[in-house]
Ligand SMILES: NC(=O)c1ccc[n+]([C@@H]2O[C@H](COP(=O)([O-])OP(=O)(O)OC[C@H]3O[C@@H](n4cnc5c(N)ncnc54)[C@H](OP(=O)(O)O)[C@@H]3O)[C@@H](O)[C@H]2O)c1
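There is one chain below, alone, in structure tokens, taken in the form predicted on its own.
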């Protein structure tokens, strides 16, 4: 299926590995020109080179730390200048530390807010004018299932990603009709981060997998496919939604 993304200009944050890498690959494979951002320049360069070989697409590595306001602005401005505009923004990063609420001080909360919430605020604020100039645009935020089905010990992530969900719903009204904005909440996806967790707690991970109705971990490419659809013309009537990609793990009815 041709999603109509040929020549579209996209930014994917956190693209050196895992879900971000898969998203960058999916968009490039559909013909989009993709800027990949990440904090570690060597890993980012290697990821760009691998996807260039795999897709034959036009990919740009833009190192930066989206926890910093100046880097958010530089990533957006640099991409728009290099490619001549911007059509798609995918806000994606790692997650704050796990732990009990009483163990985190104000500094930990400030870091979590900068990483999960303010990075999204700043990137959208910088990207939206470029999209409006082109008459259309699409934004997708990557959170996690814990944002809609909270888990003990995930307080930093849950609270800040809940802010992202609320922001996206608000912006689906403020940025319309030119720009769509949606949020994905992946469940247990087979990524380097999840493999590390599995190595540390193999019994707990096995129990979690048994609770997934589809009986397996998700694949990063399955998340990427949803992103590609949402940012394509075929997904233009979907905005303000939060979509769980979790093999049925969520017990919510909507």
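The model shown is predicted, which means the values in this text are computed figures rather than measured ones. Positions refer to the first chain, counted from 1.
Keep in mind the form predicted together with the ligand is missing from the figure; the text below concerns it.
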query: The ligand contact in the predicted complex: residue 95, any heavy atom under 4.5 Å; finding: yes
query: Distance check, residue 115 to the ligand in the predicted complex, heavy atom within 4.5 Å; finding: yes
query: Close approach of residue 14 to the ligand in the predicted complex, 4.5 Å, heavy atom; finding: yes
query: Non-hydrogen atom contact residue 57 with the ligand in the predicted complex at 4.5 angstroms; finding: no
query: Contact segment among 162 to 170, 175 to 183, 136 to 144, 103 to 111, judged by heavy atoms lying within 4.5 Å of the ligand in the predicted complex; finding: 136 to 144
query: Heavy atom within 4.5 Å of the ligand in the predicted complex - the one residue of 61, 226, 194, 208 that qualifies; finding: 194
query: All of 18, 67 and 188 with a heavy atom within 4.5 Å of the ligand in the predicted complex; finding: yes
query: Heavy atom contacts to the ligand in the predicted complex at 4.5 Å, residues of 28 to 43 in sequence order; finding: 37, 38, 39, 40
